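The form predicted alone is given below as one chain in structure tokens.
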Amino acid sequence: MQVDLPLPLLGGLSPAQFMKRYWHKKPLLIRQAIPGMQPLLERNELMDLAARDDVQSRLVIQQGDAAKQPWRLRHGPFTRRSLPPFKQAGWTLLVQSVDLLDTRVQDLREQFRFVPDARLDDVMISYASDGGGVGPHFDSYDVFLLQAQGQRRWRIGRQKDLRLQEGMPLKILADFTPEQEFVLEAGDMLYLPPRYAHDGVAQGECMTYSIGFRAPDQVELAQALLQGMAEQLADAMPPKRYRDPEQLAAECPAHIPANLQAFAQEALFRALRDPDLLSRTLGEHLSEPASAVWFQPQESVCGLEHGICLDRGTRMLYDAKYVFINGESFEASGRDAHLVRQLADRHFLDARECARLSPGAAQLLGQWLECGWLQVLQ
């Protein structure tokens, strides 16, 4: 991607300018980020996705301030009859990871790859009837809110008081103090950095696409990495068994020897000091496909002669030494590494590029093709 060229999607800013001035720092309203925007999915198509048991969907209904419980939350799947009438005000249907389900939404997601793929999460589509919303809240990650249909009024503000209302099924701020207000039309987009409070309310029927980004929690990431490293330690570290030839007779037998504690600490430090093990485990973790993704193995494939592209559910990353795809790592070097990294960056290799792969690399990509991780380029 040419990061120094202006993008209409960013209001004429280049990706480099946007990342330096706004990313993780302050909001940005972009009028007509996508001129003439039309919803990529019709309303009925979205309802069909919400009816699937392999799709994460939620229904939020606002019942009014006078009700004892003003917000109701239900989880899908939803039959059409289980959803409120379209003319009923104050409800919202949220469908997660639509980019993994529809090529048109996947193509929209591709426009945001000026942010590293390791950070990109998914595209959620929100359908709302008049007055629908999910209440004032904040997210722990960056988000682009693209208006696809109708109008939505957004109130936003830097929120110091992050207390939540008690007893609610949603994480709604107890005391929301907006600082700015915008009405977004189809094609307009609002970028918000993490923890920037916002409240969007539909003005008539509307659809909003939320392009969200992953922000791993450090404790959760450490847990995942330690678990992944533990699975690889047998091959990564030479065996070393505890020895204590100078151990004295134990007067207090239940007391853990200090030498054994030091041995355990050294074992952990040895694993953490291995940069290759840590980077490989991180890459495998970050490239794990979404939990809802299932790949369709292909019994017969025509090979690489027509070119290949990533399946929309595939996650592919790389670092200086390894290529990672769907939670697995492969060491790469030379011309093969250059071509496979091109596949990760561009999401395709044409027939001429595939022909330049070594026999070993071609065989490996053929296996990925058979697994359904790759598709034949159309």
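From 1 onward, residues are counted along the sequence shown. Predicted model only: the values in this text are computed from it and were never measured.
This next part talks about the form predicted together with a small molecule, which is not shown.
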If we define contact as a non-hydrogen atom of the residue within 4.5 angstroms of the partner, is D274 a contact of the small molecule in the predicted complex?
no
Counting only non-hydrogen atoms and a 4.5 angstroms cut-off, does V134 reach the small molecule in the predicted complex?
yes
Is there a heavy atom of D139 lying 4.5 Å or less from a heavy atom of the small molecule in the predicted complex?
yes
Applying a 4.5 Å heavy atom distance criterion, does H198 contact the small molecule in the predicted complex?
yes
One stretch from 242 to 250, 74 to 82, 205 to 213, 218 to 226 that, in the predicted complex, holds residues within 4.5 Å of the small molecule by heavy atom:
205 to 213
Taking 4.5 Å between heavy atoms as the contact cutoff, choose which of S97, Q149, S287, S126 touches the small molecule in the predicted complex.
S126
Check for me: heavy atom within 4.5 Å of the small molecule in the predicted complex, for each of T92, L145 and W154, yes or no.
yes
